[in-house]
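The chain below stands alone, shown as structure tokens; this is the form predicted on its own.
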Amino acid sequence: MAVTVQPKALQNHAARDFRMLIDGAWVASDSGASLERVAPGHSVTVSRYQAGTAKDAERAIAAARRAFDEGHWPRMTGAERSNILLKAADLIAARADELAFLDAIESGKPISQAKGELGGAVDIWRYAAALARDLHGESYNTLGDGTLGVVLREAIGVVSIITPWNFPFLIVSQKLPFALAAGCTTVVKPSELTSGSTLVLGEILIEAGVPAGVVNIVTGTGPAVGAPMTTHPDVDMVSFTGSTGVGRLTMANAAQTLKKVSLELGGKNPQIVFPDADLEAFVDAAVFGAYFNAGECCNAGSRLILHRGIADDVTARIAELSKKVRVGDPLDPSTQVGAIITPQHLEKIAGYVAGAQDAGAGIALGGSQLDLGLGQFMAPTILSGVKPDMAVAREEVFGPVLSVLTFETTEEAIRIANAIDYGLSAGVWSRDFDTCLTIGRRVRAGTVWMNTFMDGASELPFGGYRQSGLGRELGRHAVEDYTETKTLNMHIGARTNWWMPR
């Protein structure tokens, strides 16, 4: 069993009340109702958000439309937008402790992890600021003496940005600064479970100099706020991160008006391990990949595909290291695995474990919920003897549950890795470069790590194949996702008449 860190009561902590940001003003919802967030690690109300409605979403969309059609933001130089984004990055860094605290208490993630995510977010904002100055089109002077072609890149327009609860600040930072760098205006809907840090970001962007209406933040549920953000005719693009099921609904909604859609969805990510791998390094990466963010991570390394010759030994070593993982109070700096987001989600995770047992899998470690007096927690869990057709091997559990499968040949490993609906990321472990490259080229995933797992950088594109989504975030082309191309075909000199009278 893992080491537990008893949650401490939040002493003298008053719940924070937030309003929504629409057209540069902090406003109440049209309904006057609010939503309360109970901290998953401490069982007390920590935040209250406005319960937005379709009318609120429509107000925000109208503000973003005016700001794009009539405002200064899309018409600024790239350097002007870049300077504002750089100032925002500095202000995020200055308030990083406040933002990390909000993410930790609202999502249940460990405070040390939340601080690390804030550092990564600052880097992304600075990277996006650089790309604002580098966005450019093309010219063609090879079309003949009478023709010059110029291809422009223009901001696509109003973008709806919908973000999930598992990485509240990091994921909005993978979308919003790139949309702003391109010159778009936006309506942002954070998860109704973890809206706090995104609303503080609104304060930061106002201070940085982002004009009114360019960034609007509407809080509320998906049906009330998210749905109109995906169907409204004045929205030009939707960028969504969340479950594959809601991603399908988002795509169907956007199809009504043929909006551009960017989707970052689920994953069931394999790590394929060969006998010649550095097993000590792999075991650490396996524990990290399975339990980082309590497994509530689309990139979680939730499937281990181990060569049969090493499977028993490696599973035992992973179990021994997993027993040292510290689970508990999100605000304790020593905690490595925090709380599960809601009681309902905890029950769903436990249901997957029970279903795997019923299907014939064994429990090599954990398998149970943890009662720590406050909040909801799940023990780090390892399931052995998992078969490729089991639900736990094919579906996204989104919890600290590791499934162990085995293979004999490289072909079998590739077949198991690809035999699911997802294709977000994967890992391969071998000292043989040919083996790593073969797996890297044949596994259908947007990212394949070789002898490491879940590393990343702002410069590297992120996204998935198949039902893991559409499009890519991050990387030098991220800004281009928020643009349209326009061709200017210019004729030089006299034009030959089409109608030649006889």
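On a predicted model such as this, the values are computed, not experimentally measured, just so you know. Note that residue numbering begins at 1 and tracks the sequence as displayed.
Only in words, not in the display: the form predicted together with a small molecule, which the text now covers.
Of the candidate stretches 400-408, 203-211, 360-368, 216-224, only 216-224 has residues with heavy atoms within 4.5 Å of the small molecule in the predicted bound form. In summary, among the residues 376, 82, 166, 430, the only one with a non-hydrogen atom within 4.5 Å of the small molecule in the predicted bound form is 166. Residue contact check for residue 303: none of its heavy atoms lie within 4.5 Å of the small molecule in the predicted bound form.
The small molecule in the predicted bound form comes within 4.5 Å of a heavy atom belonging to residue 462.
In the predicted bound form, no heavy atom of residue 110 sits within 4.5 Å of the small molecule. When contacts are judged by a 4.5 Å heavy atom cut-off, residue 396 counts as touching the small molecule in the predicted bound form.
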